[in-house]
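First comes one chain, alone, set out as structure tokens in the form predicted on its own.
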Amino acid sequence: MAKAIKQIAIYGKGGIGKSTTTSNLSAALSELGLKVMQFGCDPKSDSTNTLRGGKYIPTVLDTLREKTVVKAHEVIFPGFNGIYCVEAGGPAPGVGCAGRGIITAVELFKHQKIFEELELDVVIYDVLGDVVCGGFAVPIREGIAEHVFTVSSSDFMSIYASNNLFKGISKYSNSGGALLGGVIANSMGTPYSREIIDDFVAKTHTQVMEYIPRSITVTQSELQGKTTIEAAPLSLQAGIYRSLAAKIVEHSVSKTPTPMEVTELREWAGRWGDYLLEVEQGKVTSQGAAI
């Protein structure tokens, strides 16, 4: 009997640290002795470069444009500690659907049964979370990913993107779609960032998987073209990524979140904005109160 492959999708607004988090998670999982594939689903095709010393790899769509028939092995490249790296890619600039690469790559790998051939333990889809439609919704809509996690800071647009993701998960949950594992709280550095995220997950009936602080170690590592796990393995930040990996390994039950409607979300954000203004002006001194 074929072993179960844990397939997860990590979504997040562009620029929020989604690929940084995903690559460090992949690296930490590989340290646990797991066979890991990171499947970059962003048209920028930069998900896996810190697993490969800063080097970019040919994408599935680029390769298909060059040749009619493509073997899955031709678009899989070795990364840090034996991680299998794949980039779905995007269309030529200004032409076609940005999510097409995900659809094409997933179909190619399923048809050739590559996950089973490689005897993978974990497949991580790194997916742009600004738009949950078309190809970007494939890991959720078709239940390819069993568990979905979103990377979010306490900034409103990041939370807005996560809330939209929750809507997509809710929409497809009754037809075999993937469910939500939780929120990975990233860039936890500003005052009240943790409290804002905690309140958001409480309102949407989900959970925080890990709090990841903003860290210069991450920047230093990426400037070397490496993950923090590889470049600074003994750092506090690397330990936090390993803690997240352990929680992901143990995670088995995902749920349907309860997204806020746009008006409700806007009012919620407005209350937090008013509260933080009062704190700044010294009108209130209590900390951590849910709004």
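Given the structure is predicted, the values throughout are model-derived calculations rather than measurements. Residue numbers here begin at 1 and follow the sequence given.
The protein also exists as the form predicted in complex with a small molecule; that form is not presented, and the subsequent description refers to it.
Visitor: Among Leu180, Leu165, Val218, Val86, which has any heavy atom within 4.5 Å of the small molecule in the model of the complex?
Guide: Exactly one listed residue reaches within 4.5 Å, namely Val218.
Visitor: In the model of the complex, which of 105-113, 168-176, 138-146, 208-216 comes within 4.5 Å of the small molecule (heavy atoms)?
Guide: Correct option: 208-216.
Visitor: Given that the small molecule is not shown alongside this chain, does Lys44 nevertheless sit within 4.5 Å of it in the model of the complex, heavy atom to heavy atom?
Guide: Flag for Lys44 set to yes.
Visitor: Residue-level question: is Gln237 within 4.5 Å of the small molecule in the model of the complex, judged on heavy atoms?
Guide: Yes, Gln237 lies within 4.5 Å of the small molecule in the model of the complex.
Visitor: Does at least one non-hydrogen atom of Ser154 fall within 4.5 angstroms of the small molecule in the model of the complex?
Guide: Answer no; every heavy atom of Ser154 is more than 4.5 Å from the small molecule in the model of the complex.
Visitor: With heavy atoms only and a cut-off of 4.5 Å, decide whether Gly273 touches the small molecule in the model of the complex.
Guide: No - in the model of the complex, heavy atoms of Gly273 and the small molecule never come within 4.5 Å of each other.
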